[in-house]
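Take a look at this single chain in structure tokens; it is the form predicted alone.
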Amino acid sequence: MSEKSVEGKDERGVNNKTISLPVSRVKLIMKSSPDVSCINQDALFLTTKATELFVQHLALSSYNNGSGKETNTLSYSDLANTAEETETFQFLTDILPKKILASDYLKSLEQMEEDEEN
């Protein structure tokens, strides 16, 4: 029997149409943790769905708070601003830092060195 049946469900009875992220990729990421040895299919499905909902929430929040409403686009700067300004997404500030020019960064490094010397 094939892995998928006519209704769009696989052998475990999970409806693959309810998620859009690749389950195999999420499983690979989960297995990359040394603490994980075996992954239950229900846990894999729920983790995939939760990840999908989180990304959707981040994208919608960034779109609504960002400059993309006028142009109907979502940019990196919208995501970075949302991560910095919204308490819910504060933990993403290291992953989504605001972009700065290299010259501005070098100036801030020089200023930090001057402050440490004084």
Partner chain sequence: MASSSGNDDDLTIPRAAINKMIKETLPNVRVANDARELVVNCCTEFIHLISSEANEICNKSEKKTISPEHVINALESLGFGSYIAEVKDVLQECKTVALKRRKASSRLENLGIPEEELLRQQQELFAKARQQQAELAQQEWLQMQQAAQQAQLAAAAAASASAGQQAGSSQDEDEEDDM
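What you see is a predicted model, and the numbers here were worked out from it, not measured in a lab. Positions refer to the first chain, counted from 1.
One more form of this protein should be noted, the form predicted in complex with the partner chain, which is absent from this view; the next part is about it.
Visitor: If you check in the predicted bound form, is E84 within 4.5 Å of the partner chain, heavy atoms only?
Guide: No, E84 is distant from the partner.
Visitor: Is there a non-hydrogen atom of I95 within 4.5 angstroms of a non-hydrogen atom of the partner chain in the predicted bound form?
Guide: Judged by the heavy-atom cut-off of 4.5 Å, I95 is in contact with the partner chain in the predicted bound form.
Visitor: Test of understanding: in the predicted bound form, would N65 fall inside 4.5 Å of the partner chain by heavy atoms?
Guide: N65: no, not in contact with the partner chain in the predicted bound form.
Visitor: Heavy atom within 4.5 Å of the partner chain in the predicted bound form: which residues of 19-46 qualify?
Guide: The stretch touches the partner through I19, L21, P22, R25, V26, L28, I29, M30, S32, S33, P34, D35, V36, S37, C38, I39, N40, D42, A43, F45, L46.
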